[in-house]
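Form predicted alone, single chain, as structure tokens, below.
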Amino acid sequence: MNRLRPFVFHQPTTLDEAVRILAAERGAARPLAGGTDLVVDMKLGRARPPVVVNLKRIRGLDRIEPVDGGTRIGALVRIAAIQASAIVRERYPALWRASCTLATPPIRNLATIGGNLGRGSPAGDMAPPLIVHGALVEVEGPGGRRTVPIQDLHLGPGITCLAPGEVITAVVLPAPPPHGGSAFRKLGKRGGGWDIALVGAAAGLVLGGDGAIADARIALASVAPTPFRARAAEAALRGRPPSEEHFARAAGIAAEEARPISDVRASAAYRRSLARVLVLRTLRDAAGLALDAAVPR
């Protein structure tokens, strides 16, 4: 790797101070959370920010805590902490599974949920399960605090809806529905300590009193410019029994909704085929958890 180019390094201790510095730089500054992406990009010359703002000294952004029946995960919570959280494992299985498969243990001990989302990667692991869980993203900026639905955060490869000076402060997940289940799967290509998703898929199912699917959510990564919901596939499941036939049909529809590209890691045709397989498997997984939750205790 190349040596880092000179840059100004700020270490604010409050969120207001961080926002003020970032806003003053008018988009030229980069926030530093875990650093697993930014530092590598800077060493390789892919990123050359003149100003870096370290967020790690700001208190209160590294907590997982209950809020209004749901759960709030601070932006600086490390992926390893999500993996170790009993709350996440029990209430949000898709997110927990994604935390277990992100890169390697050393990287999970550094990488943060806010950093993963803020990078804006179409292949990011956190976005699909958060979409399935109906998460909201809390953002702080010069204009104050605002809340963004997770599916509206990403606008394109490496592009988010954050304005200059805005930073992600937390992710808020609603209470999980009764008789629901969720799952996440991905297939990645390992290299340099990473396991970047060729395709990532998350699914969530909620069963009604009659045993049919009352609600369904399917989200995919690495098959479009942004992580996205396969809404036509979801619609094909609602009101149907959780059967292999309906799962296979929905998986095929989801694959057709995808807009994959060919690159050095995989062809578009392979990604589309893989999307179908992974959606089918996540639907099976989610249905198993939902059916188990529906059994009287």
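Just so you know, these numbers come straight off a predicted model, no measurement behind them. All residue numbers are counted from 1 along the displayed sequence.
Omitted from view is the form predicted together with a small molecule, to which the following refers.
Using a 4.5 angstroms threshold between heavy atoms, Gln83 stays clear of the small molecule in the predicted complex. The closest non-hydrogen atom of Ser222 lies beyond 4.5 Å of the small molecule in the predicted complex.
With a 4.5 Å cutoff on heavy atoms, His246 does not count as touching the small molecule in the predicted complex; it lies far away. Interface membership of Pro242, defined by any non-hydrogen atom within 4.5 Å of the small molecule in the predicted complex, is ruled out. The candidate spot formed by Val40, Thr101 and Val167 is fully in contact with the small molecule in the predicted complex: every one of the three has a heavy atom within 4.5 Å. For the residues Ile107, Val172, Ala214, Val148, the 4.5 Å heavy atom test against the small molecule in the predicted complex is passed only by Ile107. Remark: of stretches 29-37, 267-275, 233-241, 64-72, the one touching the small molecule in the predicted complex is 29-37 (heavy atom within 4.5 Å).
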